[in-house]
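Next up: just one chain, as structure tokens, the form predicted on its own.
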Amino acid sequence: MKARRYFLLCICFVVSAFQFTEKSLFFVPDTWPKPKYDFSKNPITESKVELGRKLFYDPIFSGDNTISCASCHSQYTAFTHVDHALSHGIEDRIGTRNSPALMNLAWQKLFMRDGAVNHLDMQALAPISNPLEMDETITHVVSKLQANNLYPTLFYRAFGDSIITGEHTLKAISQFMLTLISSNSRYDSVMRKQANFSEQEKNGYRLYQQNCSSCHPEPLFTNDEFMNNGLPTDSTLKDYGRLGVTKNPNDSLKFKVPTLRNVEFSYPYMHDGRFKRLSEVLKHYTSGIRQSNTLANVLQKPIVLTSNEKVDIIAFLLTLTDKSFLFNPKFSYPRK
């Protein structure tokens, strides 16, 4: 009887594991809000995700076939780049902003540092067409994909049609990006009562809640809004953020609030990558904020932190590192 019960438990475990694998293409972690992405218009499937993954790593999207999405969004650095402050394009052209880290995109409504793109399915068009990045057109990309020996078959598996279109190409890329969910950090284990913070991390968490959570609320650690965080304007780039999109003076110097998840690996920080270390970021918020008409209300009053408190906050921020996300083979370069 015990042997039979053990056998049934094993069968149940295998079945549940298989079901989890199927569902893990996209899932909503417990306590997380409802995603903002409308899956009814682009239902997620394994064949679309795998196609999108291959496209994400293929330099065919660039004008000279030398850089891919992954060139600026490396998995091991939270899907951004860390070797330079500003993104680099073909022929080593230097862009005007630091690439944002890619994760938990289904919960975002606007994309890019200035919110210039209002739908994830359209996001890839921005770097493709930017002359400082890929310097290509989606029409020519489709032609190159259609002429490739492999892609017509992959598009047929994903969309039931071997005739490749720009719409299907962009939807496939967004399908892969939708699976980039980071929700298994040490912080998450503590919230699930599977682990405990150290005393230093616990104090850092308390200080984070007091000083950082207004702009970086749990569990996504971003409010998905655009705010002026008091950075002095770069004299060379002269980037005024969302103002360039809306033309509204009230949006001057406002940039999208980034997530703090995996922040240990997503340096350099800020829209122009001016800070290399978290200690520099905290120094800015305690002594470097530039007053202006659009400065965020929560930053109008100085943030006061001792040296030890800054160290404690950083200790907490390190608990947001999700190694299962950073090293998940499902997100890496496709070998097949």
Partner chain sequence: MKNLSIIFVIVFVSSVRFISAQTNTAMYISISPTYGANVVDLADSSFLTNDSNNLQIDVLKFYISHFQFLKAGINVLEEQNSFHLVDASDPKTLQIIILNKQNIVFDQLDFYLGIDSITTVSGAMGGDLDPTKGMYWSWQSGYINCKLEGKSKLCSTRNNEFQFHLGGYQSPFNTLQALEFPISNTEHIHITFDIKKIIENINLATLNHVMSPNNVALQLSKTVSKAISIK
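Just so we're clear, the structure is a prediction, and the values are computed from it rather than from any experiment. Residue numbers count along the first chain shown, from 1.
Unshown form predicted in complex with its partner chain; subsequent notes refer to it.
Within 4.5 Å of its partner chain in the predicted complex, a heavy atom is found for not a single one of Leu102, Ala106 and Asn262. For Asn118, a non-hydrogen atom is located within 4.5 Å of its partner chain in the predicted complex, even though that partner is not displayed. Although the partner is absent here, Lys301 is not a contact residue: none of its heavy atoms lies within 4.5 angstroms of its partner chain in the predicted complex.
Proximity of Lys41 to its partner chain in the predicted complex: non-hydrogen atoms within 4.5 Å are present. Among residues of the shown chain, Lys171 is one whose heavy atoms approach its partner chain to within 4.5 Å in the predicted complex.
Contact with its partner chain in the predicted complex, judged as any non-hydrogen atom within 4.5 angstroms, is confined among 228 to 236, 215 to 223, 241 to 249, 179 to 187 to 241 to 249. Exactly one listed residue, out of Gln200, Ser74, Thr165, Gln209, brings a non-hydrogen atom to within 4.5 Å of its partner chain in the predicted complex: Thr165.
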